[in-house]
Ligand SMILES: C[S@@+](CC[C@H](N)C(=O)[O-])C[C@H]1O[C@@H](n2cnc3c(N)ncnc32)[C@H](O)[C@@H]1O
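Just one chain follows, in the form predicted on its own, and it is written as structure tokens.
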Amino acid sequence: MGNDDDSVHAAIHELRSFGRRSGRTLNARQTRLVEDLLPKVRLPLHSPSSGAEELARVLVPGAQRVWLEIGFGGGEHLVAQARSHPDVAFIGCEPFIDGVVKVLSAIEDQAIANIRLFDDDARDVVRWLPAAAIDRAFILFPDPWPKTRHRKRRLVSAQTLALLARVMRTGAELRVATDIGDYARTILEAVHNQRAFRWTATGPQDWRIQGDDWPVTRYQQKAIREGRRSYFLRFVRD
């Protein structure tokens, strides 16, 4: 799909926001999941995307809405949300193969039918999606790239928000979590500068407490163990 917005085209050339893509060698079962199951649930970016109204049921027969998680890590949040919302088609993006394998294992073991995966840069998915197709999006504990020289690689930026703004319908919710205070500030600055999203917080509790419908991830658990405060930011697409 074409889009003449300069900020969208600029985002195409952004630096990669993730590092290595693989860790330990896969065992026999994991290899089978990647070779046999992943092609069946991988998002078909080689095909033209359906219109916004049809996308949910094209991805998952019977689904009514589409939710997107960018960088699902170990998949704890993605799997929990998919199990709690069987009427939603979930798109999960994660370039790290260890995380992809964890979700594939859950899909097979728990017979989860409403997850579609993409194992590379999520911005390719966002550019593929039709306008106003996403009802909710999650970016939870993205790589903070803490060194000053690496901060240009941070995923949440005005450019990424411009990409998301195109594919999220009016009133859709964007949830972002981080355990790095500096990253939380830059996220809020990016939202303020991009202006397509509105921060919903009315008081400190709104970003200090995640809510019952926000499953805990292993990265959040690590932050808790190491004594770091997490920030739970909710934005609405205007």
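In this text, all values refer to a predicted model and were calculated from it rather than measured experimentally. Start at 1 and count along the sequence shown; that's the residue number.
Heads up, the form predicted together with this ligand isn't pictured, but that's what we're talking about next.
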Seminar exercise, completed: Of the candidate stretches 162 to 170, 72 to 80, 109 to 117, 129 to 137, the one with residues having heavy atoms within 4.5 Å of this ligand in the model of the complex is 72 to 80
Exercise. Hey, in the model of the complex, is A122 touching this ligand, heavy atoms inside 4.5 Å?
Worked result: yes
Exercise. Counting only non-hydrogen atoms and a 4.5 angstroms cut-off, does S230 reach this ligand in the model of the complex?
Worked result: no
Exercise. Are any of the heavy atoms in V88 no more than 4.5 Å from a heavy atom of this ligand in the model of the complex?
Worked result: no
Exercise. With the cut-off set at 4.5 Å between non-hydrogen atoms, does D98 touch this ligand in the model of the complex?
Worked result: no
For this session: Would you give me the residues of 198 to 214 that have any heavy atom within 4.5 Å of this ligand in the model of the complex, in order from first to last?
Result: none
